[in-house]
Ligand code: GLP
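Presented below, as structure tokens, is a lone chain in the form predicted on its own.
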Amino acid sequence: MKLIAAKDYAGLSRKAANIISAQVIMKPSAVLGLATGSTPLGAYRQLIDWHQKGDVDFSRAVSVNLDEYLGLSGAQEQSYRYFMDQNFFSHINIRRECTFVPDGLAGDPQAECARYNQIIRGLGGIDLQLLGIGGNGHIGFNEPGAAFEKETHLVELTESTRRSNARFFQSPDQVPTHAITMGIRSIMQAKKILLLASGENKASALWNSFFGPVTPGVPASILQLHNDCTVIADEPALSLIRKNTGWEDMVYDN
């Protein structure tokens, strides 16, 4: 694992965008595994800015998103397809037919999971997988206790996850109870992994994931075993690592 410290969220976002853009520049047809949520937004905005200045071209790139709520169409504002369209895809020159997100309205969710696995295999795997991390160490919608060997699968969302995401809905009752997510095995098969962590509320998850034992109780801990995993975290997210390791002489890489 490579751990990169950023002074703040802006620095984290720039460094993440640098790594993603470098992947696309080195391999224009790169398969990017993308994530939703507030943490990657800054990186997406930086990539949009560089694209509009002519510095990075996504015309041959392919994206495969981590997850989607079951029961939501891509036209609904709370869906992850809508999030990606509004916050990234519509601002760059990636072809829409090359942006893959699980179908939240699939009549047969298990068949949709199998279809999504086949899409990833057909693309030759994911070159760079972008991840956030939940406060309990979850990645994608793989909650604590999730089996490490699963590929894309249907999950029942925990109450804590539903409460955390309730801010995006008019009422907590509207938060879907299930989602389709890439599994740990799918994530671990990516050639490179880039995990972003911002804020003090992620400090415990970051410490447990990368300085504790590898255990299904902390899903992100499996990333310790990946041979090309980069973690970028800001000062608040690194607070426990600094405290517990005595790592006071951080070199910031922005």
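Predicted model only: the values in this text are computed from it and were never measured. Residue positions are given as counts along the sequence shown, with the first one as 1.
Not pictured, yet referred to below: the form predicted together with the named molecule.
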Quick one: in the model of the complex, does every one of 32, 87 and 90 get a heavy atom within 4.5 Å of the named molecule? no
Option from 144-152, 120-128, 96-104, 160-168 whose residues, in the model of the complex, bring a heavy atom within 4.5 Å of the named molecule: 160-168
Out of 186, 63, 209, 39, which one falls within 4.5 Å of the named molecule in the model of the complex, going by heavy atoms? 39
Heavy atom of residue 132 within 4.5 Å of the named molecule in the model of the complex: yes
Does residue 80 reach the named molecule in the model of the complex, with heavy atoms at most 4.5 Å apart? yes
Does any residue in 183-222 get within 4.5 Å of the named molecule in the model of the complex, counting heavy atoms only, and if so which ones? 202
